[in-house]
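Just so you know, structure 1 and structure 2 below are the same protein chain in two forms, each on its own as structure tokens.
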Structure 1
């Protein structure tokens, strides 16, 4: 218990000390560049095993994304009828699904970089960062990031690759499952199974 408390204190203290004047906490372009760098240098090209890569990605995903807000959007109109216990279960499973299924693709990384092309207002409430993923042959894939300013800093709420929004795709996938299963519990069962199948062994 003492170790846990000490660790928590270090983590909280550590992150507070660099909270003050880091531009990436409030500047959308700096934010995306910061996270791209952390992802590429700290995970994709780092000399660590797959389990450690997944662990680091989980930390990065929690720091960079507003997972609860994405969860609510992804469940859509069913969210209001969902019990608090099921909401928390969903948020935890959804995080696992993303961490495990995205981590499986890390080995396919072949030196792509992210170039921010510009930013625009996203409705009245956030920023849309426009970027391209450039591979070694100079071929590009478009990637847009929806950002929201939260108390603890900027957070990503959606990634749109070649027009395909992560949030909308999960939302329509899960809506179909909720409809067929007749509710949230069926979705939670299937997600639980997906997590077990995709977890690194």
Structure 2
């Protein structure tokens, strides 16, 4: 999760735009490069407190990721028999958990950069963007971005670090919680506690 958090910061850190008609919204390479090249001054090195950093990251996270689609995937078959109220509660809590958990990793950034190496088709409306994270010593870690074309433009639905999928990891973890802790209500209770414990103060 440490590498994943820093990877997302590198890509999402500099964007403040929400315009859906900009060219980078429809070109996968441009989409990743736009965010990466924009820099991370707005969060990682900004002279602001942790609460404001988390708030800025939340805005950027919502701008780059398809959170409802990721939520449906990580819950799996249980999603179909979940009430609308519980679906909404999960999406909100899931977003909070990601934002607060990853925000706590901001201080671990030490100058890593991202280089896009290529793209390949991923389904009818998807693209897989291959990239590497390059650290200060020149060592690289593979990072793939699974993108989907939406009405408002491209959105990220998964990040794969060294072959490990963010979405699948959450799906496996939450399936275990659902089985062992009383279904969806048990998962919502757990996420609620995690949000309280990880929220910046």
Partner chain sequence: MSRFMVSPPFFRRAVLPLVALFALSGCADKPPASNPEALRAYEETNDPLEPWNRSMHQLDQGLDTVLFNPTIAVYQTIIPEPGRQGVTNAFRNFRAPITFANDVFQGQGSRAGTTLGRFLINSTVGLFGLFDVAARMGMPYHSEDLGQTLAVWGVGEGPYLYVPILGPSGGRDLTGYAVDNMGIDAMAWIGRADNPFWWQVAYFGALATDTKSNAKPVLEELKESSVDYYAALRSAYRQNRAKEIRNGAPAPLPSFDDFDDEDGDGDPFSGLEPETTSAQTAARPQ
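We call the rigid core the largest set of C-alpha positions that still match within 1.5 Å between the two forms. Residue numbers count along the first chain shown, from 1. The model shown is predicted, which means the values in this text are computed figures rather than measured ones.
- Source of structure 1: the form predicted in complex with the partner chain.
- Residue 85 is not among the residues whose C-alpha shifts by 2 Å or more between structure 1 and structure 2 once the rigid core is aligned; its shift stays under 2 Å.
- Here residue 118 does not count as shifted, since its C-alpha moves by less than 2 Å between structure 1 and structure 2 after the core is aligned.
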